[in-house]
Structures are given as C-alpha cells and as structure tokens.
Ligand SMILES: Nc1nc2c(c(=O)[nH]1)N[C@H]1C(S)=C(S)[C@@H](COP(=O)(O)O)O[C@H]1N2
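Starting off, we have a lone chain in the form predicted on its own, written out as structure tokens.
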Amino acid sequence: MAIGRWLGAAIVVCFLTGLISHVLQHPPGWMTGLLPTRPVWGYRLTQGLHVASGLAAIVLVMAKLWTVYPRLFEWPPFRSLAHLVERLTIALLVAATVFELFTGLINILQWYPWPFSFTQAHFAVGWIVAGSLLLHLAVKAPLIRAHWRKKTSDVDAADRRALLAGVGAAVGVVTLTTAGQSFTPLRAFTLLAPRSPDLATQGVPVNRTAAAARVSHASADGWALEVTGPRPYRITLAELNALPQRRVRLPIACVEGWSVNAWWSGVPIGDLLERAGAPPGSALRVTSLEAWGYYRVMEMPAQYAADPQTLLALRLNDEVLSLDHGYPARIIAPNRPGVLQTKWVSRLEVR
C-alpha cells in the first residue's frame, strides 16, 4: 500500500504539472489572457517537477507491478461482476500509466518512433490515467479501509521496511542523477540526465539545430525583420543593433525537463510593436525562418508581448547568437516553454 501511495502522489504531481505545461503551450481561448508572466522561473519549476515525478513514477510502477503481478494472473479471471469491474479498472490503469510514462521517457530523449502526435496523445492519455486512478480507488475503497485497520506481524513489518527502503533508494538515485538538469544545486550529479546544461554552446543546450530546421547562414544573408501593424516596416540587423538594447537574466526551460538561466540582450518586443503603431493590449504572431516544424509560427498573448523582459534577443551570454541558438534573432520571454521561444525570427505580426 505504501508504494501505491507514493505512486499515486507522483502521478498527481506529474498530471497537474503536465496540465500547466499543456495550457501554457496550447491555451484555451478563454484562458489566453490569463497566462502569467511571473514568476519568470515558473515554467522551469513546474516542468522540472513534471519530468522528475514522471521518472520517479517509472521506478514506482515497476516496484508496484512486482509486488502484485501474481494476482494479475489469477484463475478464474473473475469471480463476480464486481470482481470483473475491479480487474478491468486495474488493466486500464496499468496500460494507460505504462504508455504515459514510457512514451514520456522516450520524448525527453527526443526519439519519436510512433506515427501519432506525442503532445496530443500524451495529453489525452494523461486524463485516462487520472480517471482510471480515481475509478480504481473507488472500487478498492473497502480494501483500503481494511488495510488501514489491519495489524501486521513483526516479520511482515521487517520485510515491508526492507522493500520500501530499496524502492525509496532507487527513486532517490534516479531523482538525484536526473533532477540536476533543472535544479542547479544537483547539477554535478546529472549522470543519467538526457541534457547537461554545462555542456552546451554559449552555455545553453540546443534541442533543434539549425540543420534540422533547414536554416543556414546563407538563408540568413540579407535578413531583415518584417513587422506588420498599422505602420508596417522592415528593419535590418544593423538597425536593430543600433536601437536601445536591454539585458535580462531569464531561464529557458524545455518540455524535456532541462532548464538553465542565461543573460539575453536585445530589443524589447514592446518597443518594436510601438514603432509599428500597435494598440495597447495587442497580441503577436511570430514566424520563423525554419522550413518546417510544429512551432514555426508562434502566437504570443498580449501580456507577454507587453512585458518589459520579453525581447527580440540578438545576444546570448554577451555573445552574438550562434546559428543553432537562433541567429540572427530569437524570442525570449518570461515563464514560457522553450518551444515557444522562437528562433530565427523573420516576421512579427500585430494581432
């Protein structure tokens, strides 16, 4: 039962933080204007917890299945209608949880061997996991109550403590060796993390390279930013560099769980929109030079566009952006997923 409680807690944390990530990436229309820009490290925290709790849940699922697997193959398969319903809820919960956790693990490694959209499938199956967990708890409620009232023998208690110690140690090792990709104090222990922020160009890891996006220095030659609005204009890189610059320290955090703080320098988006005659409260559509990709076009709600820390960044850690980091210009905004920090920006459209 203790492993089940740990697993339930991990699933709840993973589900709630996953909802936050989904809403920030794909907000319902009514919620668009409610998304917060503060704290600037909010997404870094929630997505770090999402991946850490998901990895911990993998260990806990394996331990839980090991403790109950003989019951999964009992014969006859069911003894009554109530028993059949119970077993069906367990089958649904196990199947959905295993699918959710292991596809999530493969996603943080950026490997997609399936034909379906990971984001949509992960979101949908997350609701199935949550619903089947609640259903399972409702069906097993009498057994749970009986367990709380039951006294265990000293031998059973010793075996139980040994099992829980082993499982707790395994969860601790997995967390210790992966959480450092987002939790700076543990960075020295990131032996199993898929990303190490310390081993990165300009101090920031790269998920999508310029080569993968089919962007080259040749495609950026003669680049000029197009800004549409009541007073549309085009502006070259040299002209952007001549404008008043702002330097901010913001984290960039990706859905795979890694995050890192960095210094970004560039022109505030609000200044560019004001020059285009954008009315107060205008949202923004951002288009990238990249040839293809789910996030080639990004919608930025008004509160982000107006935030003084949202920049069209030209420099990273006081160096001109490398091509992989979005040269000649990219977006950086507070409390947004990394996939929405568009690189290789070519067009800003006032909405």
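Numbers follow the displayed sequence, beginning with 1. It should be emphasised that the depicted structure is a prediction, and the values quoted were computed from it without experimental measurement.
Beyond the structure shown, there is the form predicted together with this ligand, which is absent from this document and is the topic of what follows.
J.: Thinking of this ligand in the predicted bound form, which stretch from 81 to 89, 220 to 228, 172 to 180, 252 to 260 has heavy atoms inside 4.5 Å of it?
T.: Stretch with heavy atoms near the partner: 252 to 260.
J.: Please check if residue 17 has a heavy atom lying within 4.5 Å of any heavy atom of this ligand in the predicted bound form.
T.: The answer is no: residue 17 has no heavy atom within 4.5 Å of this ligand.
J.: So, in the predicted bound form, is residue 324 in contact with this ligand at a 4.5 angstroms heavy atom limit?
T.: Close contact exists here: in the predicted bound form, residue 324 approaches this ligand to within 4.5 Å, heavy atoms only.
J.: In the predicted bound form, does residue 335 come within 4.5 Å of this ligand, counting heavy atoms only?
T.: Because no heavy atom of residue 335 falls inside 4.5 Å of this ligand in the predicted bound form, the answer is no.
J.: With the cut-off set at 4.5 Å between non-hydrogen atoms, does residue 290 touch this ligand in the predicted bound form?
T.: Close contact exists here: in the predicted bound form, residue 290 approaches this ligand to within 4.5 Å, heavy atoms only.
J.: If you check 125, 163, 135, 206 against this ligand in the predicted bound form, which one has a heavy atom within 4.5 Å?
T.: It is 206 that has a heavy atom within 4.5 Å of the partner.
J.: At a 4.5 angstroms cut-off on non-hydrogen atoms, which residues of 313 to 351 are near this ligand in the predicted bound form? List them in order.
T.: Result: 324, 325, 330, 338, 339, 341, 342, 343, 344.
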